[in-house]
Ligand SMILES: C[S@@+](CC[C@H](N)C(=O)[O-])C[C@H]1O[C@@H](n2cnc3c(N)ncnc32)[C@H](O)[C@@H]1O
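One chain follows as structure tokens, the form predicted alone.
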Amino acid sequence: MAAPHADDAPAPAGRMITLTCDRPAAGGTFVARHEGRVVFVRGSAPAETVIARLVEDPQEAAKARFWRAEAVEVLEPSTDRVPTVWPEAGTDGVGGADWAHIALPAQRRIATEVLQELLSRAKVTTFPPEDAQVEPAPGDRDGLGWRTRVRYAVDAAGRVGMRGWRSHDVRPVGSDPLAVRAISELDLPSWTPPRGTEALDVIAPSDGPVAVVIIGRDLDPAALELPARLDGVDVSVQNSSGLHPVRGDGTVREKVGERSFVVAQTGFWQSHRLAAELLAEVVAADLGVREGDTVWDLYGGVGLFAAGAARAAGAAGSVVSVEGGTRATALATRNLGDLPGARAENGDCTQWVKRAITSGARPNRVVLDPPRAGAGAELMRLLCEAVGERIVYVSCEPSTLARDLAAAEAAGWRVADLRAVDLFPHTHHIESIAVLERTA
């Protein structure tokens, strides 16, 4: 067997190298080169020279087409660098705020560059990439105090923290300036949870008490002793047999406009305090549902977008929310129960659409909000075949969004509009809403 080429060698973890970072890369890092090899550097900024420590990446060691590194010392700072809003998210810190050291306007400029490059690389042609701009959420001035859902990790010694970047190590959290006040005031990182606790989920809904889910495969809900700091807080235990409410019913309430949604404590809901209302408004406007329309809401969760569509379609319309999670589907049925013409169905979205098309169903409009993996080629092909007028695609991952938009263009659709919003300040993540229409 031939010896591996030097370029294929795994990263010598721990080695220090001096790098000058250039453009941003998808995933929150910045691109540098060392002796011809690409290195993705966390904790740096554009046009910045740093000393960086190489990080072992077990997932990519077999390929080793590139290395990953974390900046440990800044030699020539970028003009975008500012004092970090979260020191514990820096080098060897928690992984939840990779741009905490970059000025907020620069974060949005950098995210815009990444989005535009992904659209260009995917060869999206019907929407000019330069028109894609990442904007702040309305009223969000400093990017702090927005996160309403936080997961803490717990190590074997019972210390509460968060995992590091590409690491299983549990590290101190500090004040966590991204969390809303109701979560910060619980100060859970100073608590020693019951032995066997592996993680803590904390949810601060817009309507009702904060909830804490204590997670551990072998935890006994009956033996749980709650500290005073959890007085007035709904508490559940999630162990190997499921979720067990100790105080409360295992759900939280979220209010969007005048409408209330019931969400499982461990279920999905947008984490930014402004996100649900903003996205509901944008999707409703973009869908443009008319009375009597047939609408599919794919990856519908607990029915946020379906509710708006059902109100517009009226009793003469038909709105179906399709969701893979059985618990979320049951809650969607509950949340949509007062809306004539609306219903929730459980199943894999691609397979559900395939069956619906086979039975002759043809919706006027579709909204989909897939996970980071995106909708994929098969589902996009099916939708482009079946949908009569408009598809609204909500995405938390610009790389898969760009791929799926290109697939829609190949099927004869065009990107009529694309809006990107910074709903995850001080991180590289963004939320996008794209509008697709038939070209003829």
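The numbering used is simple: start at 1 and walk along the sequence shown. Small disclaimer: the values here were computed from a predicted structure and weren't measured.
Another form, the form predicted together with the ligand, is not on view; read the next lines as being about it.
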Checklist outcome for this item: In this chain shown alone, the residue from Gly301, Gly317, Gly96, Pro177 with a heavy atom within 4.5 Å of the ligand in the model of the complex is Gly301
Item to check | Among the candidates Val150, Leu331, Leu115, Cys349, the residue which, in the model of the complex, approaches the ligand to within 4.5 Å (heavy atoms) | outcome: Cys349
Item to check | Contact of Asp286 with the ligand in the model of the complex (heavy atom, 4.5 Å) | outcome: no
Next on the checklist: Under a 4.5 Å heavy atom criterion, is Trp191 part of the interface with the ligand in the model of the complex?
Outcome noted: no
Next on the checklist: Even though the partner isn't displayed, in the model of the complex is Phe127 close enough to the ligand, meaning a heavy atom within 4.5 Å?
Outcome noted: no
Checklist entry - Do Gly208 and the ligand share at least one heavy atom pair within 4.5 Å in the model of the complex? => result no
Item to check | Candidate stretches 65 to 73, 35 to 43, 382 to 390, 369 to 377 - the one whose heavy atoms come within 4.5 Å of the ligand in the model of the complex | outcome: 369 to 377
Checklist entry - Who in 115 to 148 is close to the ligand in the model of the complex, meaning a heavy atom within 4.5 Å? => result none
